[in-house]
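One chain comes next, on its own, written as structure tokens: the form predicted on its own.
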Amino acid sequence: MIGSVSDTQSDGRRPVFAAERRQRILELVRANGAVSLRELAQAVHSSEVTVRRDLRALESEGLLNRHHGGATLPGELTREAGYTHKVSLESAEKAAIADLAAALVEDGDAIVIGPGTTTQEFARRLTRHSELAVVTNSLLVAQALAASPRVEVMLTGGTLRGSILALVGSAAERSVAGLRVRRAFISGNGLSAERGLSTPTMVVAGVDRALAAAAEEVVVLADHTKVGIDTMVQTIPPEGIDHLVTDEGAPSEVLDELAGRGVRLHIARL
């Protein structure tokens, strides 16, 4: 049974009872799948210490899974959100991340780009470049660059995964074997200091690993809702990540740990 202890609000708002606050937390997690600790604290107007206590209580009842940087629904480790769900989430943050990541690309570069709505936004910023070679397994990325005559786009082979509009499988992995490019720009569903980048499905992870292996440097694009979150399949360990481009809502404790592991941080300001 969820308790009913209340927190006194310092700004004069009425006290929020724990049951009410925890119900709101559950609603947020159910609506978004994964929510960071900072985001939850802001949404329920409580301290992160209080929200951590709430998360422990909700986890003990089997209502959610608690992680270092926030919370997910039970089973979220293996849930793959589709494109139509993700495209409207954190759009301002994704645009800011895309702007910042584009500064890591120069004319004449050869790069690989993985699937995702954030990498799609990033690809849209590359149309001004010339003599740019892009290898991708993402139909969204290819579409974003299709009208640019100065960017050469090469699609991998593979089997279409309709939920994320990307090509996956052994054919996709083989098509990038032997390539060497300057940088790989990859997203994912979770990023933690302990396990690095992760995704819910093995076939997606396999292609992401192949893209990363083709690059001299790996750049991860992840908005704050993914930082501190783990999903089932590790894609790239933290020591394999050279750059992280995220937004200012990402939990500072996770960013500090990643920086301590040698990851170069690029924080997009909204």
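Only the largest set of C-alpha atoms that superpose within 1.5 Å between the two forms is called the rigid core. In this text, residue numbers run from 1 along the sequence as written. As the structure is a prediction and not an experimental result, all values here were calculated from the model.
Absent from the display: the form predicted in complex with the DNA. The rest refers to it.
Within 4.5 Å of the DNA in the predicted complex, a heavy atom is found for every one of A18, R21 and R52. The DNA in the predicted complex is approached by S47, whose closest heavy atom lies within 4.5 angstroms of it. Though the partner is left out of this view, R209 does not reach within 4.5 Å of the DNA in the predicted complex, counting heavy atoms only. Put simply, R56 is close to the DNA in the predicted complex: some heavy atom of it is within 4.5 Å. The DNA is not shown here, but in the predicted complex it comes within 4.5 Å of a heavy atom of R38. Heavy atoms within 4.5 Å of the DNA in the predicted complex are found in exactly one of 59-67, 217-225, 26-34, 232-240, that being 59-67. Once the cores line up, the CA of V35 ends up 2 angstroms or more apart between this form and the one not shown.
Once the rigid core is used as the reference frame, the Cα position of V254 differs between this form and the one not shown by less than 2 Å. Three angstroms is the minimum change: in the predicted complex, the CA atoms of E39 and G240 sit farther apart than in this structure, by 3 Å or more. Between this form and the other one, the CA-CA gap for K226 and D54 widens by 3 Å or more, being larger in the predicted complex.
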